[in-house]
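Single chain ahead, written as C-alpha cells, the form predicted on its own.
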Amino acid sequence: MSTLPENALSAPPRASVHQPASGRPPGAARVALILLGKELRLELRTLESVPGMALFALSAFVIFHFALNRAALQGDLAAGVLWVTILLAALLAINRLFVADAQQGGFEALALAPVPPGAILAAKAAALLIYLLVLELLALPAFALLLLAQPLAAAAFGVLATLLLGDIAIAVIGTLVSALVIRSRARDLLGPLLMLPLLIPVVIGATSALSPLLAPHAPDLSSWLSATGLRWLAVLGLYDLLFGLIAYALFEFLLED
C-alpha cells in the first residue's frame, strides 16, 4: 500500500493566481485587471469586435466620400460624419460585450465567485474603451485621407481629448445597456434603441467641440480652449461622471436579474 510523504499533510497549499498567499481575496482593482486581461485575450483569440468595427468605419467613410459628392468635408459636417461613424461602429462591439458570458455560464460563475460588481463593470467598460481607441487609431488616418480638407496634426490635442471623453461615455453607457438587454431575445434591437438616445448629448458635445478644429482655419489650442473647447470638454466630462455613477449603482442589480 502506498503511503503519503511525511510532509504531505503539513505542506502549505500553493497560492493560485486569483487567490493571494495571505488568504485574503484580491481587491477590486486586481479583479478588474484580471477580468480585463481575460476580455482582451478573448478578443485577440476570436477577433469578433475590433476588425468588424474597423471595416464598418472604413466602409462608411468610403460611402460618405462618394455619397456627399464633395472634394472634402470641414467644420460641422466633418465632425458629424466622424462621430456618427464611430458611434455606429461601436454598436457592433456593444452587442457582443456580454454574449460569451450569457452563453457559456459566465454570469453564474461570477455570481458564485467573490467578485465585486464594480470590478466587472470597470473591466467591461475598459475593454470597450480599448476597442474604441484601436478603432480610432485605424479609422482616423482613413478619415483624414478620404474626407478632410486639412491634416489633423495641428489640432491633434483637441481631437484626441474630445475623442477620449466621448469614448468613455460610449464605453460606460454601452456596458450598462448591454448588461440590461443581454437576456432578451431582441437584444440586438433593444440595445441600440436604448443606447442611442442616451448618447445624443455626447454627439452634440463632441461635434460642437470638434467643429472649430476641423474648420479650414482651425484655431490654435489656447484659442480653441478659451472659445468653446474647454466648455464642451467639461460637459463631456460631467456626462461621463454622471453615467459612471449611475452604472456603478445599477450594475449589481442587472447581474442578479
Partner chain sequence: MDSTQKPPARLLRTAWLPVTTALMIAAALALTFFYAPLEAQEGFLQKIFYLHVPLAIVTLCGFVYGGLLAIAHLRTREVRYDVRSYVAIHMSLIFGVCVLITGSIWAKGSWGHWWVWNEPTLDSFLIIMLLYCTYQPLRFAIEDRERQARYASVFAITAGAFVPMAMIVVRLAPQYVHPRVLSSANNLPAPMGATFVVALLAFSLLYATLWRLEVRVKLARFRLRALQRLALERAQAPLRAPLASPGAPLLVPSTASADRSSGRRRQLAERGEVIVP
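Numbering follows the first chain given and starts at 1. What you see is a predicted model, and the numbers here were worked out from it, not measured in a lab.
Form predicted in complex with the partner chain: not shown, discussed below.
If you check the partner chain in the predicted complex, you find a heavy atom from every one of V235, L242 and F253 within 4.5 Å. You can rule out all but one of 196-204, 64-72, 45-53, 213-221: in the predicted complex, only 196-204 has residues with a heavy atom within 4.5 Å of the partner chain.
Of the residues given (A186, L160, L145, A154), A186 alone sits with a heavy atom within 4.5 Å of the partner chain in the predicted complex. Interface residue among L58, L190, A28, L36 relative to the partner chain in the predicted complex, by the heavy atom within 4.5 Å criterion: L190.
Mapping the unseen interface onto this chain, L140 falls outside it, with no heavy atom inside 4.5 Å of the partner chain in the predicted complex.
Mapping the unseen interface onto this chain, A123 falls outside it, with no heavy atom inside 4.5 Å of the partner chain in the predicted complex. Heavy atoms of R41 never reach within 4.5 Å of the partner chain in the predicted complex, leaving it off the interface. When contacts are judged by a 4.5 Å heavy atom cut-off, L164 does not count as touching the partner chain in the predicted complex.
Residues L176, A179, L180 are the members of 146-180 with a non-hydrogen atom no more than 4.5 angstroms from the partner chain in the predicted complex.
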